[in-house]
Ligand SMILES: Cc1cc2nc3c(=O)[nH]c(=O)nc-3n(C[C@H](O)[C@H](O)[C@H](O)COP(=O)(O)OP(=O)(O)OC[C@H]3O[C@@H](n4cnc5c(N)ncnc54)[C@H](O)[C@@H]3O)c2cc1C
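Just the one chain here, laid out as structure tokens, in the form predicted alone.
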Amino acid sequence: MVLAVFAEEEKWGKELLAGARALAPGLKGGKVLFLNIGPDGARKDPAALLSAGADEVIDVALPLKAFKVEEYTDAVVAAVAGCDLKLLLVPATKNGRDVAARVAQRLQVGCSTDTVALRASHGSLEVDRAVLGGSALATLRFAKLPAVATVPSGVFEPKGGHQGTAKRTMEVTTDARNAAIIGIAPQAAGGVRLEDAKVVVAAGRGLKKKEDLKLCDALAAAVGGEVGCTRPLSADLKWLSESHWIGLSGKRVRPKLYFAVGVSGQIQHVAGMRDSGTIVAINKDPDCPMFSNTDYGLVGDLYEIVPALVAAITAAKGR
């Protein structure tokens, strides 16, 4: 009985290993495997993964310069072949979703994408996943196992101290492909790592125009935080990039301090930030859903409250 984890980044891997260990008893699983797949120099430190929850790390070197979904799929399928697989966890990234869907098809098993909760009991698996562009949650139960699930960051809290000891090197022969990597260009700078931020200022649809984001920038600068946003500002209006999007289909964050500026508080956004420490909401509508999910609520015009708050914070820091 095996649960397996595949992730390109060590941070994702540690989170999913914690999830695999938590789910193993309910799935009647025994061993937790980490599939350490990638080119030379790009794979993770086995010792860190064994401490984070893996009983065994399977190391697979691929003759690639960068990620290529067909070869990664071949490697994952080969790595789990022959074991009594119950569940494969994969991060809900662009590359992760590509691999997960192809692996599920190759194994002829079910695949749950954007899975925000997993519950295992008596050998069965039930999941909650985002649907309808993140505007709703669907609860599904797998009719049979094994299964594949992609999971956003923040669903599981990484842990240490596990005593996994085994590392196994596996050679995988991938099928010949007609596509090849001919060049790699760096992505334009400007992305943010909201998952790591201690303070987040989230901008919502209460802002009237893109230029008004400077209010959130000023507040973030005053408190030493990062600016995020709700789905409409990223997906619909394109005021900010996807790296700023907080919610079921975006980033899941858990900062010590979270400001919701002009955020209505729909469930798809709240699901991405509900684990924050102290939550402060600023909205002129006293009945907006966000106020039922906050520690402190400021009812009023954000165009008046935010500048006053920035001035007060700046003055306090200067004392």
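These numbers come from a predicted model, not from an experiment. In this text, residue numbers run from 1 along the sequence as written. Rigid core (definition): largest C-alpha set, two forms, superposition within 1.5 Å.
This protein has a second form, the form predicted together with this ligand, left out of what is shown; the following refers to that one.
Enquirer: Non-hydrogen atoms within 4.5 angstroms of this ligand in the model of the complex: do V76, L89 and P146 all have one?
Expert: None of them does, since no heavy atom lies within 4.5 Å of the partner.
Enquirer: I need to confirm a contact call. Of V60, L27, I279, C288, which residue comes within 4.5 Å of this ligand in the model of the complex, counting heavy atoms only?
Expert: In short, C288.
Enquirer: K210, R119, R205, R97: which sits within 4.5 Å of this ligand in the model of the complex by any heavy atom?
Expert: So the residue touching this ligand in the model of the complex, by this definition, is R205.
Enquirer: If contact means any heavy atom within 4.5 Å, which of 45-53, 259-267, 27-35, 63-71 contacts this ligand in the model of the complex?
Expert: In short, 259-267.
Enquirer: Hey, in the model of the complex, is W245 touching this ligand, heavy atoms inside 4.5 Å?
Expert: Judged by the heavy-atom cut-off of 4.5 Å, W245 is in contact with this ligand in the model of the complex.
Enquirer: Using a 4.5 Å heavy atom cut-off, state whether T113 contacts this ligand in the model of the complex.
Expert: Answer no; every heavy atom of T113 is more than 4.5 Å from this ligand in the model of the complex.
Enquirer: Does any heavy atom of P232 come within 4.5 Å of a heavy atom of this ligand in the model of the complex?
Expert: Judged by the heavy-atom cut-off of 4.5 Å, P232 is in contact with this ligand in the model of the complex.
Enquirer: Please check if K284 has a heavy atom lying within 4.5 Å of any heavy atom of this ligand in the model of the complex.
Expert: Although this ligand is absent here, K284 would touch it in the model of the complex, with heavy atoms inside 4.5 Å.
Enquirer: Classify G53 as shifted (yes) or not shifted (no) between this form and the one not shown, where shifted means its C-alpha moves by 2 Å or more with the rigid core superposed.
Expert: For G53, whose C-alpha is compared between this form and the one not shown after core superposition, the shift is less than 2 Å.
Enquirer: On a rigid core superposition, would T73 pass a 2 Å threshold for CA movement between this form and the one not shown?
Expert: Not so; T73 is displaced by less than 2 Å.
Enquirer: Cα of K86 displaced 2 Å or more between this form and the one not shown, core superposed?
Expert: No, K86 moves less than 2 Å.
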